[in-house]
Each structure stands twice: as structure tokens, then as C-alpha cells.
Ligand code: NAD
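So this first bit is one chain, no partners, the form predicted alone, shown in C-alpha cells.
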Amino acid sequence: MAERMMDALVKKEAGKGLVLQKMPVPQPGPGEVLIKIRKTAICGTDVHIYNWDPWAQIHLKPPMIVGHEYVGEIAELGAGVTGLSVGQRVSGEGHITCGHCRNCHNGNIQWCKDTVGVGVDRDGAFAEYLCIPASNVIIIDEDLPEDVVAFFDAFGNATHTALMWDLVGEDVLITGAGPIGIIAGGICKYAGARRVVITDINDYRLDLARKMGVDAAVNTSREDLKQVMKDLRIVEGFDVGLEMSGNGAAFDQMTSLMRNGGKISLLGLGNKPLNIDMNNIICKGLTLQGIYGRKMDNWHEMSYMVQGGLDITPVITHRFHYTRFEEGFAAMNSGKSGKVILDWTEKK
């Protein structure tokens, strides 16, 4: 029998770019599920891989099918898989964990030391089909918008970061208006924050954040954040900080403007070590929490927030057929985009 083939976006070799080429359709082994991909979204990680920057050079070993944000439907079940059925709409947790370490046993799979990343350490979702363990499959309700579910992975990062703390009546500062920071702004308002302020130096993305309902979107290259705080009657400082930029200057500004006893989630990865003013952290008694990936419960929280009225569609700015992936990555690299969706539902 001839081997089944599919279209896929492949990091074929070390260097910039991706190649659209034919690859074998993966075969689900015991305990695995084959997913027919319908929509994918381009993540910042994918941009690192496309550009072949230092992070990608360290973490990726070509050839590799990339991509990890997607929605699709179950095409085949491997031996021994129960509780799932062909045709179900699904997405999947992109971190495949060992299942045996202490963190896996206590439910904190996001901290598993032996995590394998879909689209980074093993073939990913920028293809017509993807194979993952059944334990990573997330069933998606049919009433959820397909384009939104396509980036539930990134939405999950934002959910994990924002909902780490009680937000009701709190004043929140978000540093970094990338798509995850913008989504986090919407989550904070939905979860009951009094004031949400987001900072960046990219006017396009600050405008997107305003569409997500933040109270102030501040370009710190020309606006005074302290004056914005006064205008919003934030007196003692911010109660909660969400650091999404990985920028040392932004983090120092955040710690200087937190109230005593404030809490900070750290998601943004820097491209170099940061020089941090420890005095602000120690003397203010700040709590810092590193965030990585998603908790499994975040997948349920995302679905429930969308069903409850949280609209994150403003963050979607571009849609392309997968054969136009170059345009999608160009949009991401331009800085004038939010989430970019690639459609795999038909061939052209």
C-alpha cells in the first residue's frame, strides 16, 4: 500500500524560512490520536523558528514540521484509546510530559522537567495531520469559534498568567502588548479588575489592546505612565503585574510602580540576562511567580470565559490559506499584527 502523504510546513534545514512540502501522514500508535488540522495560528515561537534566531538554533533540530496552535477533528484512534471518537472537534496541549515525575503526579504538568514540545521537539501542527498522545487531546465544544480555538494555546498562556492572582477590584499593569499581553488585558477586565493598564512602544498593538477593553494603553517612549496612574486614581501603586515583554527596563518600571505587597506574574522571556533592582522587590515585599505553559484546567477556563461572553476576536488581524504562509510570517515580523490564522480546510 502506498504511503499517505500530506502538505506540511517544514524547517528543512538550518537557516531562515520554512518550506511547504509533502510529508508522510503520521500513523497513531497505541494511546495516540491522529488529528486532521482545520485551522492553525502563528505563535511568537514559530517566528523565532522561521527567522532562525539564536533561540531556535539552540532548541530546534531540523528537519521538523513546526507549529503548535491549532484546532481540528479526530481522524483516527490508536489502539487502546477510549473516551474519544472519530469526528470530534479537538485541540491539544502542546507540552507532552513524562507522567511520572513529582510535578506530573501533583497536577502541575507545566513544570515537568522532561517536557517535549509539539512543533519544537517533535513534529507539529502546521500540516494536514498531527499525531499526539490521547492524554493531550482537549475536546472542544462545537459552539466555540474555530478561529479563536486555533490559538487557545496562546490564550492559555494569557489565562495562566492573569488568573494566577485574584483580580477582583484590583489595578493591573501589563508590560508588553504582544498578542498574549493583549489577550491578558481582556481576561483581567472580564475577571473583575478595576483598572487595566498595558504598556509597549508599538502603537499598532496598543490600539489592539484598546479594542480588547483595557483602561489605558501607554506608549512609554512618549507618555508618562505615572501621570496615567494619577488620571486613573491609582494611588498606592498597581496591585498585580503581568510581565509579558522580557524587557529589563519594563520590569524595573513595573516593580517601581507596584504597591507594597503586590504580586507579579512573569511570562516574558528575555533574549539576554536582566539586571534587576532587587531593592524594589525586597523592600516592597513583592511576590514573583514564573509562568510557563498552561495548567490543564486553563483549557476549561478558556472555553467557559468565551462561552460567558469574553470576546477575544479583536486580537485576530490576518487570515491566510496555508499556502500563503509567507505572507503570514511577514505580517508577524512587521510588528503590525495580532494573531495570524492559517486555514487548512481546503487545498488550492
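Everything numeric here is computed off the predicted structure, so don't read it as measured data. From 1 onward, residues are counted along the sequence shown.
There is another form of the same protein, the form predicted in complex with the named molecule; it is not shown, and what comes next is about it.
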| property | result |
| --- | --- |
| Stretch in contact in the model of the complex with the named molecule, which is absent here, among 187-195, 119-127, 241-249, 254-262 (heavy atoms within 4.5 Å) | 241-249 |
| The named molecule: the contacting residue among 237, 213, 78, 268 in the model of the complex [heavy atom, 4.5 Å] | 268 |
| Heavy atom within 4.5 Å of the named molecule in the model of the complex - residue from 281, 310, 291, 296 | 291 |
| Contact flag, residue 179 vs the named molecule in the model of the complex, heavy atom cut 4.5 Å | yes |
| Contact flag, residue 97 vs the named molecule in the model of the complex, heavy atom cut 4.5 Å | no |
| In the model of the complex, residue 131 touching the named molecule (heavy atom, 4.5 Å) | no |
| Heavy atom of residue 201 within 4.5 Å of the named molecule in the model of the complex | yes |
| Non-hydrogen atom within 4.5 angstroms of the named molecule in the model of the complex for each of 39, 115 and 136 | no |
| Residues of stretch 207-225 in contact with the named molecule in the model of the complex (4.5 Å, non-hydrogen atom) | 220 |
